[in-house]
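Only one chain comes next, encoded as structure tokens, the form predicted on its own.
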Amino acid sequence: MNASAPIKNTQAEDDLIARFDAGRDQLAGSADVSARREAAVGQIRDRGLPHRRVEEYKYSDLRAFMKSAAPLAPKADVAAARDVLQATDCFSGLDRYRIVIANGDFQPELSDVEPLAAEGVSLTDFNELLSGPDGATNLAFPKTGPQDGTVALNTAFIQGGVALSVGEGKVVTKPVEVVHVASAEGAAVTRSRIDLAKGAQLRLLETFIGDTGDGELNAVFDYQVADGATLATTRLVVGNARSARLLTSIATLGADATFKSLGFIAGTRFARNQQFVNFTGENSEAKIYGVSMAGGEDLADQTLIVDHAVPHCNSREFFKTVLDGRAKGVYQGRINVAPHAQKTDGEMMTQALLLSEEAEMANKPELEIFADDVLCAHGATSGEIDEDLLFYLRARGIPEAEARTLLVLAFLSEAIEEFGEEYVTEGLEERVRDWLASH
């Protein structure tokens, strides 16, 4: 009989196990939640961090990137968190409500709790859910999540987060920004739940500011979109972070629901934005967009799985990537269509623009179809700046650097504008210009 060889832990994996052993008593949760945390750490101990031999992480080897793992960030100092908020505003000038999570903990004193309550929105510290009698139910996901290494890492170390609920038929009049603030170095690990009741409408921004130093940022969002509800989310992952940025969304859509999301990555050393979308009710629609920019030795990974489990649902996926230097871009997208999910309409496109000969793009669009009455398609392109277009602009007196900027901005803006949420368009295009100015 052959016995499988045990996995030799890396320094980062040893650090993570030691982090859990040292801090388990400070992590919130009922007995069932503690058991879930133990199981998640066991997954790290037995399988290690996600690596290139795991198909979903073939092009984004987290195990190779994480040389060590910093301790969890300390409890936030409110004054320090307020200073970071005042110094950095990802959507300056935008009229919105704010919900603040600092060093992994929900900060009601820095959040617009009362104005949101007047709009029919209730806020709860996620740790309160974990400590309740049904705490472990808040860690359960349909089909996706529990076996993913990034989600397991999140489950083990959740420090806190927020549970946001929008009442039935309520339309929140202003966008709501959930801003994650790092006011001290160390890992920041959060779990948030966004519940939209029947017919509710919400525009959500997810931003991440401050510096975690050598500590990873790991945030999971659980979206529950009930029948007839509408949710539009914008996630902004920017900054010169040297540690991993690991973001996960798991969306569950009821009947006649509408879900839109845009994931925006620029400038981080290792960023993975993964989304899992589950159709559970008929006649629903999901539109998922991505914009990624990476230069130097950076990696930007956009991963997506759309699960069509019921008939008569539509999905559109459109992703754009720009790479410079020795950067690496990753797009992994899959549309699953169950045998009984007839009349599904799914379409996926990923496009990459390479600004240097050493940049690398891994495009992996997939369709997994078990129904016969469907419309599904996917496509992928990679290429350089069109020299004819560049010549056209230069022939009209536009300097080469400015002409290149215009072409790259036009390339990325196609996804931003198709996303269609005008209140974020100017801010996102400004981030594109900032990135281009530094490259």
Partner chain sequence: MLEIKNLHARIAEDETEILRGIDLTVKAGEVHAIMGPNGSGKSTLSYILAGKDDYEVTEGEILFNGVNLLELEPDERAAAGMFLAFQYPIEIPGVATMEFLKTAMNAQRKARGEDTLSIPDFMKRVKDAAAHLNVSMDMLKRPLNVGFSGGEKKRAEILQMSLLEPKLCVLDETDSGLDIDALRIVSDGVNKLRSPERAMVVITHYQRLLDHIVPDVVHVLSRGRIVKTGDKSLALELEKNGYADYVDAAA
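Everything numeric here is computed off the predicted structure, so don't read it as measured data. Numbering follows the first chain given and starts at 1.
Another form exists, predicted together with the partner chain; not displayed. Remarks below refer to it.
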Original post:
Want to guess which of 64-72, 382-390, 35-43, 49-57 is within 4.5 Å of the partner chain in the model of the complex, heavy atoms only?
Top reply: 382-390
Subject >> Residue (of 28, 371, 398, 376) lying close to the partner chain in the model of the complex, criterion heavy atoms within 4.5 Å >> reply: 398
Original post:
in the model of the complex, which residues of 286-301 put a heavy atom within 4.5 Å of the partner chain?
Top reply: none
